[in-house]
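Before any questions on binding or motion, here is one chain by itself as structure tokens, the form predicted on its own.
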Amino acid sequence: MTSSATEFSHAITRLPSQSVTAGLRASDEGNPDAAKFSADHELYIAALRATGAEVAVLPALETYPDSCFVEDAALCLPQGAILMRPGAPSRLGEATEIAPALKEFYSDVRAIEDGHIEGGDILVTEREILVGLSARTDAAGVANLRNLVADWNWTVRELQTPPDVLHFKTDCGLLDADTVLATSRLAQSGCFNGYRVIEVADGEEACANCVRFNDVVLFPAGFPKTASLLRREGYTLAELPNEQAALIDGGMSCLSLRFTPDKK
């Protein structure tokens, strides 16, 4: 079952910079290779376009090593866009940088002004907006978001990201209107009561962050048990390399903003 939370006409991406090797990371497993990262990013854009999406590719920002992870800088909803306020000081300017692109597609672009909140902590479903508190997202940021989307008739539900997990969506992804892919540790918290939950295979927790875009699930390559499970459930997967992005805590959802613009 698809929904307005998984059906889109457009996406925004940003090319990785050469400075991506200095991207933030929770643990140091080595620096990504900028050339390989760029090659992987091209495959990601191609996968989006293969779904029928019109993809805007923004230029690299050398000043912001993590800026290819555009999802953290904004939230796109059917009614408009919200500029985030990243919790990492080195990323604060990214929202300002992406604002002009959003204004090309949306007539209503709002901005978080209190606290901190990043798009990686936000899962939008057909019925509500789930936001996980984390090291990058605080209660003040969630409260500001709730106020900004109130007249758009969205319900915002505040949750807790598991300890030692960077973002809420590090551990989950929306598969359709009623189904979430999640790690066991997040699913067992009860935050998805009322949804159908498919748990990733043991040892494959890193694949929970996936993206349903129209009829295809963008899924990180290298997690065969969970991939096989999802295909048995009837999902069509595009398996994409993510090793370079993973070195700086990036996943499938981080690399794009997905939406249908209100400007024709």
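Note that the structure is a prediction, hence the values are computed from the model and not measured. Each residue number is its position in the shown sequence, starting from 1.
Note that the form predicted together with a small molecule isn't included here; everything after this is about it.
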Partner absent here, but in the predicted complex, which of 48-56, 233-241, 191-199, 66-74 has residues with a heavy atom within 4.5 Å of the small molecule? 66-74
Hey, in the predicted complex, does Gly141 get a heavy atom within 4.5 angstroms of the small molecule? no
Cys254 near the small molecule in the predicted complex, any heavy atom under 4.5 Å? yes
In the predicted complex, does Gly173 come within 4.5 Å of the small molecule, counting heavy atoms only? no
Ala11, heavy atom within 4.5 angstroms of the small molecule in the predicted complex: no
State yes only if every one of Arg136, His167 and Ile248 has a non-hydrogen atom within 4.5 Å of the small molecule in the predicted complex; otherwise state no. yes
